[in-house]
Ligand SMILES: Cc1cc2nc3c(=O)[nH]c(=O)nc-3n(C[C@H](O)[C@H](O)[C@H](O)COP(=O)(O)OP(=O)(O)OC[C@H]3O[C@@H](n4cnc5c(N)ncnc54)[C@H](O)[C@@H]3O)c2cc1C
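Before any questions on binding or motion, here is one chain by itself as structure tokens, the form predicted on its own.
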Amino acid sequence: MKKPKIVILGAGYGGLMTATRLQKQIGANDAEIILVNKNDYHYETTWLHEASAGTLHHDRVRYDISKVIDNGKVEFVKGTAVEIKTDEKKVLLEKGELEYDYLVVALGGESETFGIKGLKEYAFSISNINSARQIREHIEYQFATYNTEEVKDDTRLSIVVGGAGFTGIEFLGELGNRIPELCKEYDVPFEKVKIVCVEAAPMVLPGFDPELVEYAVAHLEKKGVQFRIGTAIKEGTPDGIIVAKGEDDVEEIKAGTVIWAAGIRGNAIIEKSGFEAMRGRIKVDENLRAPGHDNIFVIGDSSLVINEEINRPYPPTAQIAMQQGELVAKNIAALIQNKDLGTFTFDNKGTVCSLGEDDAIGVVFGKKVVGKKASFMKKMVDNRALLMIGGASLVAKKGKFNVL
């Protein structure tokens, strides 16, 4: 009897969780498991803001996929998926193709610029290892160059961050630690540096506890961050950005570095493959399957799960992706073994937003935490993700232990 073939697209939080759980639940003789990823490493997306600011080396942010999968049960294919042919049960890769009986779409998200002119051309995005390395090197280059020019250009030292959501705020927190180091290293007066955060919404960290938001803003302002709230970026230019507060209040902010951290969408493959989607995200059923496709599961940034309490989608976080991966592994095993499928219920264990090395804000098990205690919790959350996928050995190698 032919073994069913399970193909997992993407080795992010959700994809790796699916693979590592499946390899424990299904024997090598029961199914063929194939994990596809464009790189041979996994990177911790929630650590990219540190690598981008230069407070954590990019190699600390990633680890080899081969170190966490059972290579006797899971075949790893390094490749980039370009389209899913659902009628043919086939995935087209840049080189070759794969047939499947069960498919897990765990492809990460992509930066969403909402059609704002010039952002793709002139702004950086914190999206992967290479973009993080590029941002770090670009900022350092601006500082290194400042004192080499006869006529000093202060805009080299101006950094604009578009978006005051989690990514933007966490990056600003790391910048607050990194900028004084760069000033000292390159003999740059700290007062010459300008950091501006532009957010179109009426508040920082929309939807977060207002008291904690107030704490975060005060903390970052002490580090020199200027906030422009209720202000929309209208255009990216070679010299910075054009913003507007209302219809008529238009202003140009000149900056040597612009980081866009205000939007994420699902993978473009979703729409290309003919799935009904909203900004590249599929509204999955209670078993995490794509509607009309009983053998296709969608998790992570490309899935849309509605929080029934507020009738809005849950934000695509690492926490929810890993929980989805666990359930999908159980459900695929259940399908193979002719058992009932489980339904997905998000167990929100809390949310912590870092404000730099030794400060953070968060709500953990319903309680608000700030400062070093919150920072400790953030590091424990990061270590837990490593533990769940790679066990104690991965935590020992990549974990964060400077917790006090």
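The model shown is predicted, which means the values in this text are computed figures rather than measured ones. For every residue, the number given is its place in the sequence shown, counted from 1.
One more form of this protein, predicted together with this ligand, exists but is not displayed; see below.
Contact with this ligand, judged by heavy atoms within 4.5 Å in the predicted bound form, is confined among 114-122, 238-246, 150-158, 73-81 to 73-81. Although the partner is absent here, Ala19 is not a contact residue: none of its heavy atoms lies within 4.5 angstroms of this ligand in the predicted bound form. Interface membership of Ser375, defined by any non-hydrogen atom within 4.5 Å of this ligand in the predicted bound form, is ruled out. Heavy atoms of Ala106 reach within 4.5 Å of this ligand in the predicted bound form, making it an interface residue. Of the heavy atoms in Glu199, none are within 4.5 Å of this ligand in the predicted bound form. The three marked residues, Lys38, Thr46 and Gln319, each reach this ligand in the predicted bound form, with a heavy atom inside 4.5 Å. Residues Ile299, Gly300, Asp301 of 291-313 are found to place at least one heavy atom within 4.5 Å of this ligand in the predicted bound form.
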